[in-house]
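Quick heads-up: it's one chain on its own, the form predicted on its own, in structure tokens.
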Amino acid sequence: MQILVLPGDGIGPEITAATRQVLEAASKRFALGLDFIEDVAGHESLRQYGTTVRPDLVDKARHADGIILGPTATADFKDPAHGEINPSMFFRKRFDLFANVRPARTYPGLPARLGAFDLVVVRENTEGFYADRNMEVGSGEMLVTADVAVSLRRITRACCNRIARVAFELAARRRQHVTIVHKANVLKLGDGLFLEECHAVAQASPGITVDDIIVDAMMAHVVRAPQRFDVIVTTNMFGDILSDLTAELSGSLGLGGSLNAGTQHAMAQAAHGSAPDIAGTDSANPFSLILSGAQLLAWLGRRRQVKKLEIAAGAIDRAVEAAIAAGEVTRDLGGKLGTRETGAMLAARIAS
């Protein structure tokens, strides 16, 4: 089973190395037969090849069983005509990775300021207000005059339906509760369509408790009592904001796993950015990408019906929990370890 590894920019190579070490330990312990193929995307690719994403890399990604993408300096890549392509956006759009699945939970050993909770944000990933992915050609943003900008928001019935199905299928494996987050009181057509499709999927999902909450009220509810939520499903921009909030409420954005999944491909990706200010200091927390890698294994296990992949994913999750409880963490979580040592100690936990 081949995994394409793209370390990315900033802290990307450091946390990707730690993630690979952990996944290699899991592969050995559970006889997964993972074959890691490493290549470049982002600034290093731009330096070597004049483009952040080259055509032969796309072919490698297409034929791989899964992708691990380290953080990339997306704000630096402004001109696709000169090879400055946002790798994250590119792979999400090219392989139709429509579901961004972002778990957030508290851990013993870290302060739980709002009490213990365990939830997942399921975010639509391919349309909405995101100007770089809601048009076939061109951008969803237009400068009409020097003083007037217009942003288009695309919402389609098909995309609403499929993200709702991901959320309800996930809830069926968890605590059987879905919360639909929307702004249909103002965005009557777009979010009205989203709400309609989510409720249609709910009708075909007996046994799942369903509620819906307007997005601004949801921000208040989730900081007041996050434990009341299980699976949250929402549109692209609302989900982007809400998933960062819930990850931070769990203790750190560095604990936020993130999987971008479609029907044929999936890509593990840390929930945070490339943090160039701490690149090369051996201080970055690798847990976000490690937990994302575990999500990728679990997705592959369900898709391929290979139970040991799901078992390995669970072992990584439990090892992270045990490491946090033992204080085997980086300084941002109150520990004393560097990135390399954190990855090595976690890999050792999994191997034992």
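Numbers follow the displayed sequence, beginning with 1. Keep in mind the model is a prediction, meaning the values are calculated, not measured.
Although not depicted, the form predicted in complex with a small molecule is the subject of the following passage.
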The unique member of 158, 148, 75, 81 whose heavy atoms fall within 4.5 Å of the small molecule in the predicted complex: 75
Check each of 135, 200, 278, 225 and return the one that places a heavy atom within 4.5 angstroms of the small molecule in the predicted complex. 278
Please tell me whether the candidate spot formed by 11, 254 and 269 is one where all three residues come within 4.5 Å of the small molecule in the predicted complex (heavy atoms). yes
In the predicted complex, which of the stretches 23-31, 298-306, 313-321, 283-291 has residues with heavy atoms within 4.5 Å of the small molecule? 283-291
Is there any non-hydrogen atom of residue 88 lying within 4.5 Å of the small molecule in the predicted complex? yes
At the 4.5 Å heavy atom threshold, is residue 236 in contact with the small molecule in the predicted complex? no
Consider residue 273 of the chain shown here, and say whether it contacts the small molecule in the predicted complex, taking contact as heavy atoms within 4.5 Å. yes
Quick one: is residue 341 in contact with the small molecule in the predicted complex, heavy atoms, 4.5 Å cut-off? no
